[in-house]
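Encoded as structure tokens, the following chain is the form predicted alone, with no partner shown.
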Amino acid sequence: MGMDSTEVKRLVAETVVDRVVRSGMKVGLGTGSTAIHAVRRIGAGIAEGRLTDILAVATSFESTIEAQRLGIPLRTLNDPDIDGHLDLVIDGADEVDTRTGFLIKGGGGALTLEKLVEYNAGRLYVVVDESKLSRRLGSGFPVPVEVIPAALRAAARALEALGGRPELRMAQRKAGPVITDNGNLILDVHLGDADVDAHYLETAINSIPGVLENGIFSRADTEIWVGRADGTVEEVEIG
């Protein structure tokens, strides 16, 4: 009998932390059900004395609260100790295109700060279970787009013109839509069956007035690590 999903997520996150995080690093803390295990592993390393002089930048309220609980020293990108650049970030993803290494992120609504942190790091380590792997970006998960409330309808029309089908994300345990950490709305854009140019689409969506950020991550210097139910962890070969 193989490992369950939670065990796989914990395994891959802890494995990558142990491989790449060293004392004295400036580290970005990801968001979501896999990345939270990386946050906890870093916290345990600090508590046990294996990791010292760590400074961290969180990508959401969720990771901020967990880091505070664990005693991980937190800064912002603007802090002089960080000066706008991190050594690495460990985070999850909602979908990984194994041909390109491009990602869709934002299922937890933290896409804007995730992208800000991750595009200002020397290396991005993505930790996922095998269910997140895809051969065509957008086939398994819509692209989240964070928009200011005043731009909702205009941005939706512009996204439709790009070939997407936007849908306002609704909250599960409150009435009305999801509100991001930045006080904005999220449109989940379904791409259909088209094989998209993800790098172009990332730029094109961000050029729409009122769009703050979108969940396509096409940056270089990304390593994809996958955990499997048989207990193995391996780096994904891109291509």
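Residue indices: 1-based, along the sequence shown. It should be emphasised that the depicted structure is a prediction, and the values quoted were computed from it without experimental measurement.
This next part talks about the form predicted in complex with a small molecule, which is not shown.
Colleague: Only one of these stretches, 89 to 97, 159 to 167, 146 to 154, 69 to 77, has heavy atoms within 4.5 Å of the small molecule in the model of the complex; which one is it?
Modeller: Only one stretch passes the 4.5 Å heavy-atom test: 89 to 97.
Colleague: Is the gap between residue 182 and the small molecule in the model of the complex 4.5 Å or less for some heavy atom pair?
Modeller: No, residue 182 stays farther than 4.5 Å from the small molecule in the model of the complex.
Colleague: In the model of the complex, is there a heavy atom of the small molecule that lies within 4.5 Å of any heavy atom of residue 109, even though the partner is absent here?
Modeller: Residue 109: yes, in contact with the small molecule in the model of the complex.
Colleague: Can you check whether residue 9 is within 4.5 Å of the small molecule in the model of the complex, heavy atom basis?
Modeller: Contact check for residue 9: yes, within 4.5 Å of the small molecule in the model of the complex.
Colleague: Under a 4.5 Å heavy atom criterion, is residue 32 part of the interface with the small molecule in the model of the complex?
Modeller: Because a heavy atom of residue 32 falls inside 4.5 Å of the small molecule in the model of the complex, the answer is yes.
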